[in-house]
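In structure tokens, the next block holds one chain alone, the form predicted alone.
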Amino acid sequence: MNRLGTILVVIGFGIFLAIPFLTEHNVSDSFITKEYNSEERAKLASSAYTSILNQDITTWKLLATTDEAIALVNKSVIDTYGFSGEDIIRLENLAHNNSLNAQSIEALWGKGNFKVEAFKNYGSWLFDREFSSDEELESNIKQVTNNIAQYEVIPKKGIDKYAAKSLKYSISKHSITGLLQNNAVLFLLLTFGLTAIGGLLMLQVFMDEKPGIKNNGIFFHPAKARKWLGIIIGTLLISFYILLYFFPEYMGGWIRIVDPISYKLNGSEAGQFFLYGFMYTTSMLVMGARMMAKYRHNKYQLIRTGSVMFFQTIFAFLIPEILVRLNQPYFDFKNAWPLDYDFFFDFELQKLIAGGNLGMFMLVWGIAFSLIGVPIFTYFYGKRWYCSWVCGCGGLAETIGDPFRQLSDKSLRAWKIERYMIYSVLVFAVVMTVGVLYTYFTGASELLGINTFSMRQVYGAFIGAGFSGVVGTGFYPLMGNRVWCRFGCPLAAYMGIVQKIKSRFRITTNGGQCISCGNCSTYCEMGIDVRSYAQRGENIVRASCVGCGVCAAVCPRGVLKLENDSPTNRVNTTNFVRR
């Protein structure tokens, strides 16, 4: 059964990887006009598509052609609406005559003209100003005209980088034809179906063994010890996340095969994040079953694994999609700020406020859950109630990432880096949230000289996408399964402060029973040297501990125990074991 399962996984995953190369596209004049949403833009772009119209082409050819078309559109609009060399000379002449003002430029191009209004917005600081040299005048006017081209002409008349990204994705997705277009369900079964069935069949290897954790060969396995297979898996994960967040236009074929499920759930076609949500949930269910088979001797692990599978499937995937079908705001009731870093963004607040009574309930729930519920639950149960029982990030780490948990660095150096990084991200998240709320309520775009829009862009790109996705999951086979949770999650940092200072949760130890086998430290996904605490008989009270309980599950002597008792009953630690 294990061999058959492996074969099915390889076949299903192989077909999935082949889909981008099998995807064909076909575009027509009417399709181009529709996608560009403007006859003027479509006309400017059409010359780039002439050689590929009504032909079956690859994704790479289509996107390369679309890049050429976008460049043609932008060049044309800059020539039409931007400032030419002759226009710049006219402006310089006005300045030389001390008559560079609103009235004079209106006389040049006419009141209400696009160039006039743009120059008033970006160049009014040059009006009636004296310049020390011709070089200073020329430099300042070119600076203004370049800014107008970048921030006014391209976004309003052409296609800026954000519109270009959306356009390329739409063209790539909607132009799919041929085998993939007509057999989406078949490819869905051949990829996700075969892989899931194969993964479940591979569970037989655990069922054939006696219950308990096996250490045999984990540091020699090619996938579990940073060897060739682990590097390949990590590379594939990193590549997928880069495509997901930064180049979704290359994922059109993959997204197309989950369209049937999307239409059933929310009534509309799938997008890149629907594909991700479906993959995320399916993977957690299959690997969650693996986790249950592996830890079937431990009731706590069975319940905990079942909990994260339930919350991911119902609360993170199904309920939000069904809400969209009911014309309600998309909302994950289990998500909490600051992990849900965009909860306080203007578009999210407006969406919830516009959602009527249910939307207002979601808004109040989100605020209360994040600011009241999280610290209260953490006081009683520590971080484990969320990180190990509810959180989707933690659920992915515990299921898909379980084979790599022994790779977490237990060194003091890693711990120091972890503390600096995770609390830096928390501070960044808090400052960004204060900034976006300040902008929302006051309308001011800057706080203490910092542009709040740029601040949230930077956070979204580097933390929300790069850190939590590309690094946080892609580095499972290289750094262990809790990279994001250890080094970057702001909610983990927030709960960690509560857990360390005021929480009833801790892991108690019975040092007299410890035989120093090291299983507990080996399997600690959070990089805690559990054995050093156990040898001293000291309770483990660490801000980073997520209470997964695996250290207790792998202990052959029952030294470790997860408890929620009065903090006053804790054993005081010594300076020998640093926290």
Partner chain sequence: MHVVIIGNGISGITTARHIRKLSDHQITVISSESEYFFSRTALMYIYMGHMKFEHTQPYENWFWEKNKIDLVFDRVTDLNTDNQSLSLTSGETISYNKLVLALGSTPRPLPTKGAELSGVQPMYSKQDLELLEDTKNIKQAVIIGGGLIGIELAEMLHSRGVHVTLAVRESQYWDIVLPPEEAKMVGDHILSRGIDLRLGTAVESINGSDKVESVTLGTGENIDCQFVGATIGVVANIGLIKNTSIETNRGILVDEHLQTNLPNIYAIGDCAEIKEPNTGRRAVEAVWYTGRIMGESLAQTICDKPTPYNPGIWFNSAKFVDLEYQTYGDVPAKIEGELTSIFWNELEPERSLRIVYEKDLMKVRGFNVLGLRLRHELCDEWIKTGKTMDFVLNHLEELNFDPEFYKKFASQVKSQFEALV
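Positions refer to the first chain, counted from 1. Worth saying up front: this structure is predicted, and the values here are computed from it rather than measured.
The following text describes the form predicted together with its partner chain, which does not appear among the structures shown.
Note on the interface: of 327-335, 207-215, 152-160, 274-282, the segment with non-hydrogen atoms within 4.5 angstroms of its partner chain in the predicted complex is 207-215. At a distance threshold of 4.5 angstroms between non-hydrogen atoms, residue 300 is in contact with its partner chain in the predicted complex. Although the partner is absent from this view, residue 64 stays clear of its partner chain in the predicted complex, with no non-hydrogen atom inside 4.5 angstroms.
A residue is said to contact a partner when one of its heavy atoms sits within 4.5 Å of a partner heavy atom; residue 514 meets this definition for its partner chain in the predicted complex.
A residue is said to contact a partner when one of its heavy atoms sits within 4.5 Å of a partner heavy atom; residue 412 meets this definition for its partner chain in the predicted complex.
Screening 522, 46, 59, 26 for any heavy atom within 4.5 Å of its partner chain in the predicted complex leaves a single hit, 522. Though its partner chain is absent from this view, in the predicted complex it lies within 4.5 Å of a heavy atom of just one residue from 125, 347, 220, 441, which is 220.
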